[in-house]
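First, one chain by itself: the form predicted alone, in structure tokens.
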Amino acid sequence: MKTKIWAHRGASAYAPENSLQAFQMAIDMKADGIELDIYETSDGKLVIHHDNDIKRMTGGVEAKIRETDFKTLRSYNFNGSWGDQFGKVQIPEFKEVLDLFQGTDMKINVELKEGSIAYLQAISQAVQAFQMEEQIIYSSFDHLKLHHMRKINPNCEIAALYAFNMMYPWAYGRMMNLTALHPAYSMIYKMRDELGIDYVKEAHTHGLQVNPWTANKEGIIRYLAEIGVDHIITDYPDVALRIANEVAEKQNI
């Protein structure tokens, strides 16, 4: 099948990352899905942000998301390095993002960050309230969170993020009953160059999708599409879509 494209933190090469503006751009570019990061505020709101603090995206404000209430977070401008180009950029609530994508066929890759079991339950309940379970795949570097999310919702899709030299990740994936492996794209190169192993072939043989991150250079995107990864996570969804289409046409997919 043709490689599909997920917009990393939305179309984050063109708008502030993890913003509604970046997510809308991903829709407009006709990406196949998005990736986002989710935290819980001190007063129990689910918000979309990558770091556990807000300093990088607010011009230096010192505050931890889990220690700050939602109203206070909404008072800051999460415009990152974009200046006034997008006006005031508010940190989105998870439900705002779900509302934006409800009715589309786009996949939402929800990266689980810091939080308790109650945080995971709140995320699952929000998805169920929008009846969007089939559009969601949960990923995390904390694989225990994937285990707990699967216990909360036995039918949910889960994917292990990693960026280290894991031997036979497909065996680990089968043991964890994963839906997909989410390696840094360099891990695919390492398997090929150091061990002579076809990463995608092995993963597919074990029933696992391969969704590498974060591929932004055209040569890397093209190589990943040519070897048949399932999804490419990228800041440049428009570029990746063009390349994936070119590869599919060349391979008669």
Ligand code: G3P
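Don't overthink the numbering: it's just position in the shown sequence, from 1. On a predicted model such as this, the values are computed, not experimentally measured, just so you know.
Here the subject shifts to the form predicted together with the named molecule, a form of this protein not shown in this document.
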Exercise: Arg9 in contact with the named molecule in the predicted complex, heavy atom 4.5 Å: yes
Non-hydrogen atom contact Thr214 with the named molecule in the predicted complex at 4.5 angstroms: yes
Leu161, heavy atom within 4.5 angstroms of the named molecule in the predicted complex: yes
Close approach of Glu157 to the named molecule in the predicted complex, 4.5 Å, heavy atom: no
Segment assignment from 145 to 153, 169 to 177, 69 to 77, 110 to 118: heavy atom within 4.5 Å of the named molecule in the predicted complex: 110 to 118
Residue (of Asp53, Asp32, Asp198, Asp37) lying close to the named molecule in the predicted complex, criterion heavy atoms within 4.5 Å: Asp37
Contact set, 116 to 146 vs the named molecule in the predicted complex - heavy atom within 4.5 angstroms: Phe141
